[in-house]
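Only one chain is shown below, in structure tokens, and it's the form predicted on its own.
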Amino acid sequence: MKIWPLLIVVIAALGAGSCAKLTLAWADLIPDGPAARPEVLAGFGSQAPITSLEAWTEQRKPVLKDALQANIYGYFPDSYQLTVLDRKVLDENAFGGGRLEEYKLRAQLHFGDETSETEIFYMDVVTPAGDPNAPVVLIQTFCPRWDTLPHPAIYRPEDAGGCGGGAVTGLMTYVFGRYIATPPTEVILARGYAVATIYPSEFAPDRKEKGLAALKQMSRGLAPDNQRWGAIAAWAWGYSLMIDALEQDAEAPRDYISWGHSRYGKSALLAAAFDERISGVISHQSGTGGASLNRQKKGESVKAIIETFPHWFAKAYAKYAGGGEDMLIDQHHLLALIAPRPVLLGNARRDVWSDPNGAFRAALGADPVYKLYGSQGLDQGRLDTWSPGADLAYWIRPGTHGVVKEDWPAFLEFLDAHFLNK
């Protein structure tokens, strides 16, 4: 028996830092523990329990948004403006029949009386032929735009690297799946959806020292240092910037779906919680700081994630490194802020590091808010009962951390149920 493929998997998984850890454990398929369904409508701080939709929207939502920023993600800008510096068509027949466009962008941020600017960054968009108002899947990946939408006309700096080509790409897709960097764009277009992508590291680098410096420069130090925004919040803001650019010339209202895997699964959820223009979310294996609860934690701990990625979160998140059992705010509150818009939480049975059971328990916790809106919410009692038409849907497959061939059919089934078959 040849063991070198297994060795490759082990080496690559260990090298992925805290994004993924290879384990022989399996996630439990039934929600467990005394806090299997955390409270979402109970009293919060000095607030009384929520008994009506009006109380939820007017009293609880603003308090939860502030608590998430103060304790986990840091504060978004007070206001901002996006400027489209250039927009051009790159190809009228790209990816099997789509119109490929590229936007050159820069954003100006306001924190109090101070103003700062991002670096110039780009967005690439491919739209199904003849359907300029198709629903848009907003995608962020850890690879540059030219790997997410591989096309020779897409702008890339002369000295830019990437994830594409050679043995590194072969190893990456072997470990993390064929769609880890590049979605099945032709299939997505054929199903009636547009794809838009940015590379978040163009304005908020995903490197500890460089990322922290960029985030501090953008915020100009106006938020208290322990509450300055982290990269997850900056990347979440990036989804809003994508919508701003697309809406400048929109011919009609469109649906926008924020899509992200792992770290960008976290930012896809946070974006929808703070930007109600986002019509739905596909958050795949978002783990700690994403959909999975901080309390009764399995897999990656708060301590582990902030030690490996200190630039992702507000410094205040570190006070819960001991276990998070005393946290007033938790991830079911994040999911509840998205209600009643459809959310798909994707997971894998062997990806215990991302705590699939904790994500399901967070969905259980958010479910009463969906019910307040008259939605059926979570329509399953265990992790492996797939219900793509539910407004709060949970998908789990065999395997480990990554985006594999089984994932996108499930994603598209969810999208069709909510955005094409309305």
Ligand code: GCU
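One rule holds for the numbers: they count along the sequence shown, beginning at 1. All values derive from a computational prediction rather than experimental measurement.
This protein has a second form, the form predicted in complex with the named molecule, left out of what is shown; the following refers to that one.
Enquirer: Within 4.5 Å of the named molecule in the model of the complex, heavy atoms considered, which of Phe142, Tyr179, Phe95, Phe111?
Expert: Contact residue from the list: Phe142.
Enquirer: Tell me, out of Asp147, Asp330, Asp124, Glu300, which residue has a non-hydrogen atom within 4.5 angstroms of the named molecule in the model of the complex.
Expert: The residue in contact is Glu300.
Enquirer: Spot the stretch among 208-216, 307-315, 71-79, 186-194 with residues whose non-hydrogen atoms come within 4.5 Å of the named molecule in the model of the complex.
Expert: Contact-bearing stretch, as computed: 307-315.
Enquirer: Considering non-hydrogen atoms and a 4.5 Å limit, does the named molecule approach Arg263 in the model of the complex?
Expert: Yes, Arg263 is a contact residue.
Enquirer: At the 4.5 Å heavy atom threshold, is Trp353 in contact with the named molecule in the model of the complex?
Expert: Result yes; Trp353 sits at the interface with the named molecule in the model of the complex.
Enquirer: Counting only heavy atoms, which residues in 394-411 are within 4.5 Å of the named molecule in the model of the complex?
Expert: Going through 394-411 in order - heavy atoms within 4.5 Å of the named molecule in the model of the complex - there is one hit, His401.
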